Every structure is written in structure tokens, then in C-alpha cells.
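For reference, the chain that follows is the form predicted alone, supplied as C-alpha cells.
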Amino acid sequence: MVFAVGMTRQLLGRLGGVFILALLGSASVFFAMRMGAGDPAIAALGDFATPEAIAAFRTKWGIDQPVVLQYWKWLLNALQGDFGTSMTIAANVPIAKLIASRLPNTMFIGLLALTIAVLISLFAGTLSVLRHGQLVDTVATSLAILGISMPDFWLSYVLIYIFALGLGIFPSYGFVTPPESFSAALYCGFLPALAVAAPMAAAFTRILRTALLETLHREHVRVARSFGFRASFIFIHYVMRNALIPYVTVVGLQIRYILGGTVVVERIFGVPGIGALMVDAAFARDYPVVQACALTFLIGVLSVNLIVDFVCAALNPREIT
């Protein structure tokens, strides 16, 4: 009962925090776009557009109004799920439709990258601790340091050069959406997902290794050994479970890296996701599209962080009061 009340109280508090952060984030993106150089009217109509055409375009889209009023109108519509229509990159196409068509691709690459990173880190981190001080531990630690230092855009080109242009195993550009063919999506999405996953896997491995080594020397583990429990039982139930709390926290925090990484990687590999859409919209000064994409990313990050908080609470219920 106490646990349920504590969970409910924490959920309400966190939901309020998510709403406030989403509001502040949307305002930051909105005003930052207005402060940047460039004019959507010029981007849409061209450099030789007449002053009358430019004025008519600005009036049509309401960008001739005070910025605060523009944000207020956009916010009211966004709260109702209406992000408006595209100004330049897909004129008059509903932005919700653009996002709905691109979001599954970004989510697919992101989830695939997260799966790869988690599997690699669980294997490498656990093996490193079980072989602590041996050659395997040294190799795993060195690879983790190397992985953290590799930028995803640089790694993308390296993967293309080796596995696409060199060995011809994977395609260098293009993507098949999961609804069309799930197996083809896995095939086309493996390299971009790996480019995003490699630095994350390195970070996850180091965190897991550190947490496992620290937990191994805690008092409750020594007590479990004194009771004569098997080493495998102690490792799974007394070491791994406690070490997963900081590990899961870091995994949740790295979701923002996945979203940021997909912005670059999608452009390199030609994946039609939200990241590529956001970049195209930013260059075209398509304010509503950039705002909607940024808000989608922000809500995604905040939602995952909320889920991670409750997963950690389930692993350690004493944190809920």
C-alpha cells in the first residue's frame, strides 16, 4: 500500500515535471528559430520573389505577427495535437502526417541501436568482471575507451567504407521501411544502428563493469558467500541485480544520444526519419516542422527518463517513500 501511494505521488510529480520541461523546451526551440538568420518566404519563393509575394507569404503563415503571439497560437494548437502544415519542404502537407510517416523509421533505428548496445555491453561488461585483471578484461576496457572516443559520423563513414564499399555486405545508402519488409529493414538499418550503438555500448560497458566490481565487494555479497550459496546464484541475485540500477539509469540517459545521433546518421545513410526531416526543415527555414520534430524528440526523451525512474524503483523499492 505504501509502495503504491509512493509510486502514485512520484508519477504525478514526474508528469508535472515532464510537462514543464516540454513547455520550456518548445519555447527555446521556437524563439531560437526566430532569432536565426534566413527567411522562410525567401526559402519558399526564391531570391527573386517580389516584395508583394513575400509580404503575402508572411501574412498567410502569420510570421509577420509578434513572436510572442506566434508562440501562443502555436502552443494552443500543439496542445490539441495540431502542429499545422509545412511551409516550405512539403507545402501545405500536415506536419502530423509527415511525422507519422517518419517516426517509425527513427524508432526502428533507435531501438535496434539500443538493442545492439545493451547486448554488447551486457556481454562485454560481465565477461570483463568475471575475468577481472586478465587479458579479456584489458581488451574489453580498451575497446570501451576507443568506442567512447569515436564520433558517430566518423564511424558511419568507416562502416560504409569497410562493410559496404569494401566487403559489399550491407548497402551504403537507402532504407526499406519495416512495414514493407521487416527483414529488409534490419538489413538496411544494421549499419546506421551500429554507428549509433557503438559509442553507447562502450559507455554502457564501462558503467556496468564499474557497478559490478563495486557490488562484488559489498557486505551483503560477503554474507551470501558465507552462507555457501553458489557463485552463479550470488552473481545473478546479489551482484547483477544491484549493479543494474546505475546501468539502467545510464541507458535511459543515453536515449537523448540516440535521438541526436540519428539526426546525423539518417542523413549519411539516407534513412527517411525524423532526424533527416528536422535537418531538411532547418535548412529550409520551415519553422513549424522543426518545432514539431524538436517537441517529438523532447517528449520521447522525457518519457523514456520517466520509465527508467520507475524501472529503477522496481529494482530497488526502498527508494519509493
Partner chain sequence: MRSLFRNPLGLTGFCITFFVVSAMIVGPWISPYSPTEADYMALLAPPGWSHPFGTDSFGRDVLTRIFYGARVSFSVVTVGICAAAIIGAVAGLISAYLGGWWSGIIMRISDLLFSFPSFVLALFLMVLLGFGLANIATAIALIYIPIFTRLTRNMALLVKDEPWVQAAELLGQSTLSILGREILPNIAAPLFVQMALGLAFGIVIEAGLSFLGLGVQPPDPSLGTIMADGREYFQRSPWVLTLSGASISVALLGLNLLSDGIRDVMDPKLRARL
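Residue numbers count along the first chain shown, from 1. Computed from a predicted model, the values in this text were never measured in an experiment.
Keep in mind that the form predicted in complex with the partner chain is missing from the display, and what follows is about it.
No residue in the set Leu208, Ala211 and Phe229 has a non-hydrogen atom no more than 4.5 Å from the partner chain in the predicted bound form. For the chain shown alone, Phe163 is not a contact residue for the partner chain in the predicted bound form, no non-hydrogen atom being within 4.5 angstroms. Although the partner is absent here, Val68 lies well away from the partner chain in the predicted bound form, with no heavy atom inside 4.5 Å.
Within this chain, Trp154 lines the site of the partner chain in the predicted bound form, having a heavy atom no more than 4.5 Å away.
In the predicted bound form, Val304 stays away from the partner chain, with no heavy atom inside 4.5 Å.
Listed stretches are 104-112, 77-85, 140-148, 220-228; the contact stretch with the partner chain in the predicted bound form is 140-148, by a heavy atom cutoff of 4.5 Å. Although the partner chain is not shown here, in the predicted bound form the stretch 20-34 places heavy atoms of Leu21, Leu24, Gly25, Ser28, Val29, Ala32, Met33 within 4.5 Å of it, in sequence order.
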